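As a starting point, one isolated chain is supplied in C-alpha coordinates, in the form predicted on its own.
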(Lines give C-alpha, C1' and ligand atoms only; values in the text may rest on other atoms or scores of the structure.)
Protein backbone atom coordinates (compact mmCIF):
# COMPACT_ATOMS: atom_id res chain seq x y z
CA UNK A 1 0.00 0.00 0.00
CA UNK A 2 1.02 3.57 -0.54
CA UNK A 3 2.29 5.64 2.34
CA UNK A 4 -0.28 8.08 3.67
CA UNK A 5 0.13 11.82 3.52
CA UNK A 6 -1.79 14.40 5.50
CA UNK A 7 -4.03 16.37 3.19
CA UNK A 8 -6.23 18.16 5.69
CA UNK A 9 -5.65 18.48 9.43
CA UNK A 10 -8.50 20.94 9.78
CA UNK A 11 -11.58 20.09 11.79
CA UNK A 12 -15.02 21.23 10.83
CA UNK A 13 -16.58 24.00 12.89
CA UNK A 14 -17.94 22.66 16.14
CA UNK A 15 -20.16 23.96 18.90
CA UNK A 16 -21.52 22.84 22.25
CA UNK A 17 -24.31 23.72 24.66
CA UNK A 18 -24.54 22.31 28.17
CA UNK A 19 -27.49 22.00 30.58
CA UNK A 20 -30.04 22.29 27.78
CA UNK A 21 -32.25 19.50 29.21
CA UNK A 22 -33.99 19.76 32.57
CA UNK A 23 -34.62 16.11 33.49
CA UNK A 24 -31.09 14.59 33.21
CA UNK A 25 -28.43 15.27 35.86
CA UNK A 26 -26.16 16.47 33.07
CA UNK A 27 -26.73 17.17 29.39
CA UNK A 28 -25.00 18.58 26.34
CA UNK A 29 -25.44 18.94 22.62
CA UNK A 30 -22.40 18.75 20.36
CA UNK A 31 -22.15 19.80 16.71
CA UNK A 32 -19.35 18.95 14.28
CA UNK A 33 -20.11 20.47 10.91
CA UNK A 34 -23.56 19.15 10.05
CA UNK A 35 -23.28 16.21 12.49
CA UNK A 36 -25.23 16.84 15.67
CA UNK A 37 -25.73 14.75 18.83
CA UNK A 38 -27.57 15.35 22.10
CA UNK A 39 -26.44 13.59 25.30
CA UNK A 40 -28.03 13.14 28.70
CA UNK A 41 -26.53 11.63 31.88
CA UNK A 42 -28.63 10.14 34.68
CA UNK A 43 -27.16 9.19 38.05
CA UNK A 44 -25.59 8.06 40.24
CA UNK A 45 -28.87 6.30 41.01
CA UNK A 46 -30.17 3.05 42.42
CA UNK A 47 -29.17 0.02 40.36
CA UNK A 48 -30.99 -3.24 39.74
CA UNK A 49 -29.66 -6.12 41.82
CA UNK A 50 -28.89 -8.11 38.68
CA UNK A 51 -26.62 -5.31 37.40
CA UNK A 52 -25.09 -4.30 40.73
CA UNK A 53 -21.29 -4.27 41.04
CA UNK A 54 -20.09 -4.18 44.64
CA UNK A 55 -16.96 -2.05 44.13
CA UNK A 56 -17.95 0.43 41.40
CA UNK A 57 -20.82 2.00 39.55
CA UNK A 58 -22.53 0.32 36.62
CA UNK A 59 -22.39 2.38 33.42
CA UNK A 60 -24.99 1.90 30.71
CA UNK A 61 -24.82 3.65 27.33
CA UNK A 62 -27.87 3.89 25.07
CA UNK A 63 -27.75 5.29 21.53
CA UNK A 64 -30.98 6.36 19.85
CA UNK A 65 -30.82 6.70 16.04
CA UNK A 66 -32.54 9.56 14.27
CA UNK A 67 -35.11 7.21 12.74
CA UNK A 68 -36.14 3.69 13.73
CA UNK A 69 -34.73 1.34 16.34
CA UNK A 70 -31.14 0.79 17.39
CA UNK A 71 -29.35 -1.96 15.48
CA UNK A 72 -25.97 -3.68 15.34
CA UNK A 73 -24.15 -0.47 14.41
CA UNK A 74 -25.56 1.36 17.43
CA UNK A 75 -24.66 -1.54 19.76
CA UNK A 76 -21.07 -1.41 18.54
CA UNK A 77 -20.94 2.36 19.04
CA UNK A 78 -22.42 1.97 22.53
CA UNK A 79 -19.60 -0.39 23.46
CA UNK A 80 -16.96 2.05 22.18
CA UNK A 81 -18.44 4.95 24.14
CA UNK A 82 -18.90 2.84 27.28
CA UNK A 83 -15.29 1.60 27.25
CA UNK A 84 -14.04 5.17 26.85
CA UNK A 85 -16.20 6.52 29.67
CA UNK A 86 -15.21 3.66 31.99
CA UNK A 87 -11.54 4.47 31.35
CA UNK A 88 -11.96 8.09 32.45
CA UNK A 89 -14.70 8.01 35.11
CA UNK A 90 -13.81 7.26 38.74
CA UNK A 91 -16.56 4.65 39.06
CA UNK A 92 -15.14 3.25 42.32
CA UNK A 93 -16.38 6.37 44.13
CA UNK A 94 -19.98 5.30 43.52
CA UNK A 95 -20.22 1.56 44.28
CA UNK A 96 -23.53 -0.26 43.92
CA UNK A 97 -25.06 2.52 41.84
CA UNK A 98 -25.90 3.10 38.20
CA UNK A 99 -25.00 5.72 35.61
CA UNK A 100 -26.91 5.95 32.37
CA UNK A 101 -25.72 7.88 29.32
CA UNK A 102 -28.27 8.42 26.54
CA UNK A 103 -27.08 9.68 23.15
CA UNK A 104 -29.60 10.89 20.58
CA UNK A 105 -28.61 11.39 16.94
CA UNK A 106 -29.95 14.68 15.62
CA UNK A 107 -28.20 14.56 12.24
CA UNK A 108 -25.41 12.40 10.82
CA UNK A 109 -23.03 13.90 8.26
CA UNK A 110 -19.94 11.85 9.07
CA UNK A 111 -17.64 11.34 12.07
CA UNK A 112 -20.63 10.29 14.16
CA UNK A 113 -18.72 8.16 16.67
CA UNK A 114 -16.30 10.99 17.50
CA UNK A 115 -19.28 13.33 17.92
CA UNK A 116 -20.82 10.79 20.34
CA UNK A 117 -17.61 10.80 22.37
CA UNK A 118 -17.37 14.59 22.49
CA UNK A 119 -21.03 14.98 23.46
CA UNK A 120 -20.61 12.30 26.15
CA UNK A 121 -17.60 14.05 27.69
CA UNK A 122 -19.35 17.41 27.83
CA UNK A 123 -22.46 15.81 29.39
CA UNK A 124 -20.35 14.02 32.02
CA UNK A 125 -18.66 17.32 32.84
CA UNK A 126 -22.06 18.99 33.15
CA UNK A 127 -23.21 16.27 35.54
CA UNK A 128 -20.20 16.95 37.77
CA UNK A 129 -19.09 13.32 37.84
CA UNK A 130 -15.52 12.65 39.07
CA UNK A 131 -13.13 11.86 36.21
CA UNK A 132 -9.43 11.09 36.07
CA UNK A 133 -9.18 12.90 32.74
CA UNK A 134 -11.27 14.31 29.94
CA UNK A 135 -11.45 12.67 26.54
CA UNK A 136 -12.33 13.58 22.99
CA UNK A 137 -13.02 11.71 19.77
CA UNK A 138 -11.23 12.23 16.45
CA UNK A 139 -12.11 10.46 13.21
CA UNK A 140 -9.65 9.98 10.34
CA UNK A 141 -10.40 8.72 6.84
CA UNK A 142 -7.85 7.39 4.36
CA UNK A 143 -8.83 8.12 0.79
CA UNK A 144 -8.20 5.81 -2.17
CA UNK A 145 -5.01 7.73 -3.03
CA UNK A 146 -3.65 7.51 0.52
CA UNK A 147 -4.55 10.95 1.82
CA UNK A 148 -5.53 11.33 5.50
CA UNK A 149 -8.58 13.51 6.13
CA UNK A 150 -9.57 14.41 9.70
CA UNK A 151 -13.21 14.83 10.74
CA UNK A 152 -14.53 13.54 7.38
CA UNK A 153 -18.05 14.18 6.11
CA UNK A 154 -20.40 11.35 5.17
CA UNK A 155 -19.42 11.72 1.51
CA UNK A 156 -15.70 11.53 2.37
CA UNK A 157 -16.32 8.47 4.53
CA UNK A 158 -18.14 6.74 1.67
CA UNK A 159 -15.24 7.37 -0.73
CA UNK A 160 -12.52 6.32 1.75
CA UNK A 161 -10.89 2.90 1.90
CA UNK A 162 -10.34 3.05 5.67
CA UNK A 163 -12.01 4.84 8.56
CA UNK A 164 -10.60 5.17 12.09
CA UNK A 165 -11.95 6.80 15.23
CA UNK A 166 -9.81 7.33 18.33
CA UNK A 167 -10.71 8.39 21.87
CA UNK A 168 -7.84 10.43 23.32
CA UNK A 169 -7.30 11.48 26.93
CA UNK A 170 -6.49 15.04 27.93
CA UNK A 171 -3.46 14.36 30.14
CA UNK A 172 -1.02 12.19 28.23
CA UNK A 173 -2.78 12.14 24.83
CA UNK A 174 -3.02 8.36 25.14
CA UNK A 175 -5.44 6.30 23.08
CA UNK A 176 -8.33 5.14 25.29
CA UNK A 177 -10.28 3.45 22.51
CA UNK A 178 -9.98 2.83 18.79
CA UNK A 179 -12.51 1.75 16.18
CA UNK A 180 -11.33 0.90 12.68
CA UNK A 181 -12.94 -0.16 9.43
CA UNK A 182 -11.41 -0.94 6.03
CA UNK A 183 -7.92 -1.92 4.87
CA UNK A 184 -4.77 -0.16 6.02
CA UNK A 185 -1.17 -0.87 6.96
CA UNK A 186 0.47 -0.57 10.36
CA UNK A 187 2.30 2.55 9.16
CA UNK A 188 -0.98 4.15 8.11
CA UNK A 189 -2.49 3.35 11.49
CA UNK A 190 0.44 4.96 13.27
CA UNK A 191 0.15 8.06 11.09
CA UNK A 192 -3.56 8.38 11.84
CA UNK A 193 -2.85 8.11 15.57
CA UNK A 194 -0.31 10.94 15.37
CA UNK A 195 -2.70 13.08 13.34
CA UNK A 196 -5.54 12.42 15.79
CA UNK A 197 -3.39 13.29 18.79
CA UNK A 198 -2.46 16.58 17.16
CA UNK A 199 -6.07 17.31 16.23
CA UNK A 200 -7.18 16.57 19.80
CA UNK A 201 -5.31 19.66 20.99
CA UNK A 202 -7.87 21.83 19.18
CA UNK A 203 -10.72 19.88 20.72
CA UNK A 204 -9.41 20.18 24.29
CA UNK A 205 -8.83 23.89 23.75
CA UNK A 206 -12.46 24.17 22.68
CA UNK A 207 -13.47 22.33 25.88
CA UNK A 208 -11.55 24.87 27.96
CA UNK A 209 -12.97 27.85 26.07
CA UNK A 210 -16.50 26.49 26.29
CA UNK A 211 -16.35 25.96 30.06
CA UNK A 212 -14.62 29.30 30.55
CA UNK A 213 -17.36 31.13 28.66
CA UNK A 214 -20.04 29.35 30.67
CA UNK A 215 -18.61 30.12 34.09
CA UNK A 216 -16.95 33.48 33.35
CA UNK A 217 -19.88 35.36 34.89
CA UNK A 218 -19.22 33.59 38.20
CA UNK A 219 -15.47 34.32 38.26
Partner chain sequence: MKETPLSNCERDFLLKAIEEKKRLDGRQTYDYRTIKVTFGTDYGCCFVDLGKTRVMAQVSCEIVAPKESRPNEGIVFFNIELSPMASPTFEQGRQSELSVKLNRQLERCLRNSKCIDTESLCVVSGEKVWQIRVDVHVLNHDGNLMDASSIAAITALCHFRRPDVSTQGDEITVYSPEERDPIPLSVYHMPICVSFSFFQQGTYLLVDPCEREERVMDGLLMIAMNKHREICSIQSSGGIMLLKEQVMRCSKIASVKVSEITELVGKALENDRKARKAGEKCGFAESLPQERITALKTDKTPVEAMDVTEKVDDIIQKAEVPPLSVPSPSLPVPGVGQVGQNTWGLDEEEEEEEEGEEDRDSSGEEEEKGTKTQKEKDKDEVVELSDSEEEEVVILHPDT
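What you see is a predicted model; the values in this text were computed from it and never measured. Numbering follows the first chain given and starts at 1.
The following text describes the form predicted in complex with its partner chain, which does not appear among the structures shown.
Checklist entry - Do residue 49 and its partner chain share at least one heavy atom pair within 4.5 Å in the predicted complex? => result No - in the predicted complex, heavy atoms of residue 49 and its partner chain never come within 4.5 Å of each other.
Checklist entry - Taking heavy atoms only, is residue 133 within 4.5 angstroms of its partner chain in the predicted complex? => result It does not: once its partner chain is placed as it appears in the predicted complex, residue 133 has no heavy atom within 4.5 Å of it.
Next on the checklist: Just checking whether residue 175 would be counted as a contact of its partner chain in the predicted complex - the rule being heavy atoms within 4.5 angstroms.
Outcome noted: Close contact is absent here: in the predicted complex, residue 175 is far from its partner chain, nothing within 4.5 Å, heavy atoms only.
Item to check | Contact test in the predicted complex: residue 104 vs its partner chain, heavy atoms, 4.5 Å | outcome: Contact with its partner chain, yes.
Checklist entry - Among 113 to 121, 139 to 147, 82 to 90, 96 to 104, which stretch sits within 4.5 Å of its partner chain in the predicted complex, heavy atoms only? => result Contact-bearing stretch, as computed: 96 to 104.
Checklist entry - In sequence order, which positions of 21 to 40 have a non-hydrogen atom within 4.5 Å of its partner chain in the predicted complex? => result Read in sequence order, the residues that approach its partner chain (within 4.5 Å, in the predicted complex) are 21, 22, 23, 24, 29, 31, 33, 34, 36, 38, 39, 40.
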